[in-house]
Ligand code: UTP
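The data below hold one chain only, encoded as structure tokens and taken in the form predicted on its own.
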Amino acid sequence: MIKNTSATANSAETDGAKSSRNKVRKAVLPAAGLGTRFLPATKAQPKEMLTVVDKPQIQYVVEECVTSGIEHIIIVTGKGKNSIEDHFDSAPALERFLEEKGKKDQAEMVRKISNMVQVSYTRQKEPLGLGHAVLVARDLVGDEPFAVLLGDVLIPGPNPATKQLINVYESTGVGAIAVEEVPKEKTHLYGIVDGEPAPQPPFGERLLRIRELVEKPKPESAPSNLAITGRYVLPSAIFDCLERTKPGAENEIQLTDALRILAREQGLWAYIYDGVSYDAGHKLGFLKATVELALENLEFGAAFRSYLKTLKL
């Protein structure tokens, strides 16, 4: 009996260690891009700080991280991005001013922004691609799995896409990327997944094993209509893959190329997440996000809906 008990304890310790290794605590948010699609608005401010309704885009993404259980966020910045750091820093003078004016709710809102999660920053000194931006965060991430969230892709809702991917990774120990169905005629606008169904509980048919990732294929040659959505949960092995990834167009290191290596060597899941995304990195997507999130606003959503109905379109 003693021997069996010891074996059970050892097994529990092993399972516990494995669970600890699989726990996703950190997230990387690349935010070093120049935001040229939004010029002149981004001439003197980061695109990540453009406001959607009443919050900068990057705050929506940070809140998704927090709701997903992330404990440490690493934001990769570049020249001219100081306002991002200021936004998530404490603002005692502003808090004091608001409290003295009797605006305690606003003071608490400001305080909550700086206290919601640990945030670290690292710089991407040259715009050498998304893959390079992720690689810059290597020392801060260390040897553990982590999430990557693109700051101009907003996926609001009670069931965060990042949390769904974390569940996949912590259950299987294999990296996962979020995908969604897009119209076949628009596959040339996205990275597209070539995958095979690999259903397993509790994820069912939403889970696919990736065979290949194809960047912006023409509709007639696209292997599917499942587009990469800007949310990833990856093992630390991706850094080695990025180190081995050769620069492509414009001398940039692409994350997609490193994901191909990871899929081939260790496996990689595509997960059809439950939710709706807004590509706020483009003007039309930004406008759609603004309108639809405004309609959901508890304070003025109903009034805004009534106003839209008066428009003659």
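For every residue, the number given is its place in the sequence shown, counted from 1. Being a predicted model, the structure only gives us computed values, none of them experimental.
Not pictured, yet referred to below: the form predicted in complex with the ligand.
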Original post:
Given that the ligand is left out here, which of 248, 35, 267, 69 has a heavy atom within 4.5 Å of it in the predicted complex?
Top reply: 35
Original post:
Just one of 156, 173, 127, 223 has a heavy atom within 4.5 Å of the ligand in the predicted complex. Which one?
Top reply: 127
**OP:** Using the partner position in the predicted complex, report whether residue 193 sits within 4.5 Å of the ligand, counting heavy atoms only.
**Re:** no
Original post:
Would residue 165 show up as a contact with the ligand in the predicted complex if we use heavy atoms at 4.5 Å?
Top reply: no
Original post:
Taking heavy atoms and a 4.5 Å cut-off, does residue 26 contact the ligand in the predicted complex?
Top reply: no
Original post:
Could you tell me if residue 31 has a non-hydrogen atom within 4.5 Å of the ligand in the predicted complex?
Top reply: yes
Original post:
Is it true that 135, 238 and 257 each have at least one non-hydrogen atom within 4.5 Å of the ligand in the predicted complex?
Top reply: no
Original post:
For the chain shown here without its partner, which stretch in 108 to 116, 127 to 135, 197 to 205, 182 to 190 has non-hydrogen atoms within 4.5 angstroms of the ligand in the predicted complex?
Top reply: 127 to 135
Subject >> Stretch 139 to 175: residues contacting the ligand in the predicted complex, 4.5 Å heavy atom cut-off >> reply: 150, 151, 152
